[in-house]
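First comes one chain, alone, set out as structure tokens in the form predicted alone.
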């Protein structure tokens, strides 16, 4: 089935729940095949994480609702891959 296949999200979240628990909860959504969560900034009260989610025909609203229910806020959607297969980004001369 075509639809959203990969999302890369920039998320601001509190320290709790832990990144392990957030990734586990997202991975348990029925349309999610895998989750990669990377911490890239931390301060006294919050953490900025980059979350990559892959699956078939993913429901963005359900993902957003899940993150928000755990105290997180999506700052930006940094990448969306949709269609019948995942298309990898290729560097061009302008990107170098």
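Numbering follows the first chain given and starts at 1. Here the structure is a predicted model, which means the values were calculated and not measured.
Separately, the form predicted together with a further copy of the same chain exists; it is not shown, and the next lines address it.
Taking non-hydrogen atoms only, residue 68 never approaches a further copy of the same chain to within 4.5 angstroms in the model of the complex. In the model of the complex, a further copy of the same chain lies within 4.5 Å of some heavy atom of residue 88.
Although the partner is absent here, residue 46 lies well away from a further copy of the same chain in the model of the complex, with no heavy atom inside 4.5 Å. The closest heavy atom approach of residue 11 to a further copy of the same chain in the model of the complex falls outside 4.5 Å. Contacts between 5-24 and a further copy of the same chain, taken as any heavy atom within 4.5 Å in the model of the complex, involve 6, 7, 8, 19, 20, 23, 24.
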